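Only one chain is included here, represented as C-alpha cells and corresponding to the form predicted on its own.
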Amino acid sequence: MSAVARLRARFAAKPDQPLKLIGATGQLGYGVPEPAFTAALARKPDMIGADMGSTDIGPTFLGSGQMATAGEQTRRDLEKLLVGARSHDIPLIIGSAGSAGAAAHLDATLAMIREIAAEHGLSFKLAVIHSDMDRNSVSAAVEAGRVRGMGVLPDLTVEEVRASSNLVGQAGTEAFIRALETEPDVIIAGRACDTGIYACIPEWLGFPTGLTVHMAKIVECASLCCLPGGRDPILAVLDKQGFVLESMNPARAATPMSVAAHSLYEQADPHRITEPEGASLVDTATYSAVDDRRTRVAGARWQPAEQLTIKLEGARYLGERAVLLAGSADPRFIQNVKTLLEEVKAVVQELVCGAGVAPDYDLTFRTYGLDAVFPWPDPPATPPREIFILGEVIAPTTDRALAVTKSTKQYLLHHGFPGRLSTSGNIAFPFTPPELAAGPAYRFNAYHLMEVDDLAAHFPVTTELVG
C-alpha cells in the first residue's frame, strides 16, 4: 500500500483527526536547514511539500529550459526530502519542478529523483503532472477571445504563442487531486500553483476548501511568515475549523501580525486568494496567538470560480546578451549623464553599423543611483555622489553583442560633456574586462489568463514505479 493510500485509509477510519503538513522550503534548490528539517520529521507529519519555482527569477529559465538553482544544491535538497519522506512513509509533493516547470525542467528533476532513489535503494510509486500547454489549443483560445492579459503585457497573439520557446500553464489543486487518485508515494508537478501542493491532500480528505487554500498560501513559503522570517521548514496542524502554524526553528515565531501580513503575499486583492478553481476569501479570517511562537488561523471561506481559468506563462528568445559594468563619481558627468548616454548611443550606432544604417541590436542603459530601479519623473534635488551604469546589448550573436558593448565602453570612457576637466576617465570599472557575455536573452511574452471549460484536459497525469 502506498503512502497516499495509507493516509486515505487512516482518515477514512477517523475523519476528524488533525492533519499535519510540513512546508519544507519556499523554493527548493537553495538549501533546506538540517536542524529544522530534522525537527519537522520528529513531529510525525502526514506529508512533506515543497515548491521549486517562481516567475520571480525572470523569463530566461523558462525560455532556456535551464534550472535557476545550482544542480548540486538542488539534488541535495531533493535527496533530503525524498529520503525523509520515504523513511517515514509519508507523501512527498513537489510543484513547479526545476524552477519554471516546463518539460525540460520536469525531466531534469525526475532524472535526479530516479538517481537518488537508485543510490538509496528506494522503491515507490511516482505520479507526474505535466504543465506544457498545447499551442493549438492556446491559439484557438486566443482567436476565440478567451485569453486576457495580466499586468502590463499586451494582448496575446497567435504569433506570440507560436514564438514561445516554452509555454506552460499553472496547474491548480484539481490536477494534484487527480494525481492523488492514482495513490502514489511521490508527486512531482510541472508548473503549478504553489497552493495546490498543500491544499490537495486536505481537500481530498474533506477539509474545508477555503481554509486549506488559506493555509497552503502561507506554508508554501515555509517560515517566511515568521519573525524573523526565514527559510526553515514550517508545520501546519489543520483541523476542520482552523490551523496552527509553527516554525521548526525555535528562533522564529509565527505571530498573529506576521501571519496576517503574509496572507497578503503575492495578492493583488488583500481579501482573496485567487486560484484556477475559485478564491479563498480571507476578509473574515482571524489570527490568534496560541503562545509566543504559534498562531491559529480560522475563518476563510471558499468561493467557486464562475469561470475556470489557467494562468499562462511563456518566454520568447530575443538574442544574445552582453553587458557593460561601469561607475562614475564625477559630478559633471552625473549631471549630464542622460544626454551623454544618448549621444554615445548615436555615435556607437554609426561606428558599428555605418551612417544611416538601422541597428541590428538593442542598446539600453540603466543608471543606478538615479532611476534604474524606478522611473522617477524628476531628478533628485541633490545629485548622488556616485552612480553605477549598466549597459545592455542584445544582438543576433554573442560576438556582435560584445562588439557593440566594447565600442560603447570605449566611447563612453572618452565622450565629451559640458565642464569636463579631462579628456579621459569618465567612468571607472569594477574589474576588467568590464564587458561580459551574459548568454541568451528572453522576455515574457505570455503572462495571461486563459478561460477553459475543463482543467483536466490541459494537465495530464502519468505514473511510474521507481526502483
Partner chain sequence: MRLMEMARVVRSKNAGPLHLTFDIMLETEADYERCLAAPGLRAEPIAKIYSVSANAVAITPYPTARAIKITLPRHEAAGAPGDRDVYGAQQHAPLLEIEV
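Rigid core here is just the name for the largest C-alpha set that superposes within 1.5 Å across the two forms. Note that the coordinates shown come from a computational prediction; the quantities given were computed from them, not determined experimentally. Residue numbers count along the first chain shown, from 1.
Same protein, other form: the form predicted together with its partner chain, not shown, and the subject of what follows.
Residues Pro18, Pro35 and Cys221 are none of them found to lie within 4.5 Å of its partner chain in the predicted complex, as judged by heavy atom distances. Partner contacts here mean any heavy atom within 4.5 Å of its partner chain in the predicted complex, and among 115 to 123, 152 to 160, 233 to 241, 196 to 204 they occur only in 152 to 160. For the chain shown alone, Gly356 is not a contact residue for its partner chain in the predicted complex, no non-hydrogen atom being within 4.5 angstroms. Interface residue remark: Tyr447 is counted as part of the site for its partner chain in the predicted complex, having a heavy atom within 4.5 Å. Using a 4.5 angstroms threshold between heavy atoms, Pro380 stays clear of its partner chain in the predicted complex. Its partner chain in the predicted complex is not approached by Glu143, whose heavy atoms all lie more than 4.5 angstroms from it. Residue-level contacts in the predicted complex: of Ser139, Gln73, Ser263, Gln335, one residue has a heavy atom within 4.5 Å of its partner chain, and it is Ser263. Only one of Ala372, Ala329, Ala251, Val290 comes within 4.5 Å of its partner chain in the predicted complex through a heavy atom, and that residue is Ala372. Residues Thr55, Asp56, Ile57, Gly58, Pro59 are the ones in 34 to 65 with at least one heavy atom within 4.5 Å of its partner chain in the predicted complex, listed in sequence order. Superposition of the core reveals a Cα shift of 2 Å or more for Asp371 between the shown form and the other one.
After superposing the rigid core, the Cα of Lys338 is displaced by 2 Å or more between the shown form and the other one.
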